[in-house]
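Taking the form predicted on its own, here's one chain by itself in structure tokens.
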Amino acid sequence: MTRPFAPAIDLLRRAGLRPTRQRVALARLLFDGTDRHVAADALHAAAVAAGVRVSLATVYNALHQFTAAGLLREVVVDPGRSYFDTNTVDHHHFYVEDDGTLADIPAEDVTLGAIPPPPAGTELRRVDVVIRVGRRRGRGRARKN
């Protein structure tokens, strides 16, 4: 019989992270097979609701450790406002400013023009496109061209 936390422990070990109690608990909440975008405060609230004793600072630390290990991607939408994405394949995002939600855009759906060479001594690692959108106002009105 497999213990319910064994997959989280295995995931963390494969990523080179020590499976502490807090990391295992957060990994179980994050990596359930569903891709999602989560803010640190929302993950903290979910952990507390699940009975996990963890501070918000520990949640932030774990999210950054998971990101550095390649388990998550950080999506910065505003200074001081980030989401952590469980989908680590190359893709982009729509950011709905009205409600602070993100939606994935497949990488092949975005065409980029010329990208300037990176500064001396650096290398290009990834390009993240965040397209900001808002909910339409005045439902039901026809759109004019």
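None of these values were measured; they are calculated from a predicted model. The first residue of the sequence shown is number 1, and the count goes up from there.
One more form of this protein exists, namely the form predicted together with the DNA; it is left out here, but the text below deals with it.
- Though the partner is left out of this view, T20 does reach within 4.5 Å of the DNA in the predicted complex, counting heavy atoms only.
- Though the partner is left out of this view, A57 does reach within 4.5 Å of the DNA in the predicted complex, counting heavy atoms only.
- Contact between A40 and the DNA in the predicted complex is found at the 4.5 Å heavy atom cutoff.
- Using a 4.5 Å cutoff between non-hydrogen atoms, G51 does not count as a contact of the DNA in the predicted complex.
- In plain terms, the part of the chain that comes close to the DNA in the predicted complex, with a heavy atom within 4.5 Å, is 75-83 out of 90-98, 75-83, 103-111, 116-124.
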